[in-house]
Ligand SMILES: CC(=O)SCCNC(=O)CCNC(=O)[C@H](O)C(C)(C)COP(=O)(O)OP(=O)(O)OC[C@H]1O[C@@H](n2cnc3c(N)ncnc32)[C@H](O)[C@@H]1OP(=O)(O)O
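Below, in structure tokens: the form predicted on its own, a single chain.
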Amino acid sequence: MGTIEERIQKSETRIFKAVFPSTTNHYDTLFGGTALHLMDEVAFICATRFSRKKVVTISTGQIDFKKAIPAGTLIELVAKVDSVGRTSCKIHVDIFMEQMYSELRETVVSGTFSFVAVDENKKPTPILDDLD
């Protein structure tokens, strides 16, 4: 499996989305709840790829919405393992916004999500098995 550092590097997860009007509010910007949903999803994928175990979201840290995300832009969600405990891991997620027809790219939302590994009885279990 490799070292923890190697697993962290290999588990980094990126998802791209186009922001369409069906995901925006009456201000023509991405719903905050949709952004949270997408962040939790990419964080879950990252935690699963890191641990290769069943994981569940147990909490979120502060989520900072720095700028509204208008319809007609592209977003990239990037999730990285931030820290590892005995049964849990914390995942940091950034949303980057890009204009479709220019090189402009900026970080618009950031936050953390915590996950715990669970066994077949839905009880906490070590997040990682023995490393080589």
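Because the structure is a prediction, the values reported are computed rather than measured. Note that residue numbering begins at 1 and tracks the sequence as displayed.
The discussion below concerns the form predicted in complex with the ligand, not included here.
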query: The ligand in the model of the complex: contacting segment from 20-28, 5-13, 104-112, 117-125, heavy atom within 4.5 Å; finding: 117-125
query: In the model of the complex, the one of A68, V78, V56, A71 near the ligand [non-hydrogen atom within 4.5 angstroms]; finding: V56
query: Touches the ligand in the model of the complex: G85 (any heavy atom, 4.5 Å); finding: yes
